[in-house]
Ligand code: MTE
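Starting off, we have a lone chain in the form predicted on its own, written out as structure tokens.
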Amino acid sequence: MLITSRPSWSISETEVTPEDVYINRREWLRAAGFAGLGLTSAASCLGGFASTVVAAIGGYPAMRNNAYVLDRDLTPEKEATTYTNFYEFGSSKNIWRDAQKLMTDPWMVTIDGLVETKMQLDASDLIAKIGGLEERLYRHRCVEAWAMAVPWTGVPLANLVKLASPRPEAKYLRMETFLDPKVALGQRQNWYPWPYVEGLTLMEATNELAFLATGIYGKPMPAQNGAPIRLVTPWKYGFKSVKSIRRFTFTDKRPVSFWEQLNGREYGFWANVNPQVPHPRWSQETERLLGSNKNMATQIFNGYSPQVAGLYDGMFPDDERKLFY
């Protein structure tokens, strides 16, 4: 008799919200007469709140990849899409209304640096080139000690790396968001090092968990959550998951990320979740779940140790703290 063990963070698929409960927003838009308009100023009442109508990248809802399951209930959609950080539009959690000003169709993406062929193409064409969409259930842990569980739609970041065909000397992937202070008023605050920059090693970028998300809750990504394309790295604190990406640059030098430039002592490059390493101003041992305000124990690597711990074996023999900040 074959006996298999399940990861400690997994649950039965019967406990996960069925895929068919999600609204196919593309069909809704078509029925409502918005199909083909791309990004408009129209607002919908999907989920009980207004949101920008965006052109879909691919079809929604996408097929769920059942290899990725959760140890907790999904966060209510309204909580996950209205309680967000997006400093380009301000430091308040309630910036989703202001973020609707972001025009995400068309959205040109540049791939450059140490690659065989540099390219510039629209986000929808990029996703079409690097594979079909899938849905994954991931935990998301903010460095501010709140957390959520989200059904992201997108493609593995490894697919983009393969398309780019980086040269042997490339060791890192640098990602940069948009710069438009006329629309994103937070970018007028010149004490921040705009545009927002993040980075991963190529080993991290090609890990199975690294994900380029274009949708959430079975629909195209809302502007406030990082439309039209954002990074999701569920074993790292949320500030690593750069939103609204404009440029992917392959480089042999480690990028200096946005928050690392501001305060490297509190927000370092690695940003891996570790409950035993406190933020200098608060504990990381527990996390508050959006929607219920229930407190749960924080897990090392946010519960994804089996997939990612090997990336860092022996990397920091003298200073373990660097691994997490």
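Don't overthink the numbering: it's just position in the shown sequence, from 1. Bear in mind the structure is a predicted one, so any value in this text is a computation, not a measurement.
This next part talks about the form predicted in complex with this ligand, which is not shown.
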query	finding
Contact segment among 129-137, 80-88, 101-109, 161-169, judged by heavy atoms lying within 4.5 Å of this ligand in the model of the complex	80-88
Partner contact for residue 184 in the model of the complex: this ligand, 4.5 angstroms, heavy atom	no
Residue contact check: residue 123 to this ligand in the model of the complex, 4.5 Å heavy atom	no
is_contact(residue 242, this ligand) in the model of the complex, heavy atom dist at most 4.5 Å	yes
Contact label in the model of the complex: residue 177 to this ligand, heavy atom within 4.5 Å	yes
Triple contact flag 142, 146 and 196 to this ligand in the model of the complex, non-hydrogen atom at 4.5 angstroms	yes
One residue of 113, 218, 156, 238 in contact with this ligand, assessed in the model of the complex (non-hydrogen atom, 4.5 angstroms)	238
In the model of the complex, the one of 249, 207, 225, 75 near this ligand [non-hydrogen atom within 4.5 angstroms]	225
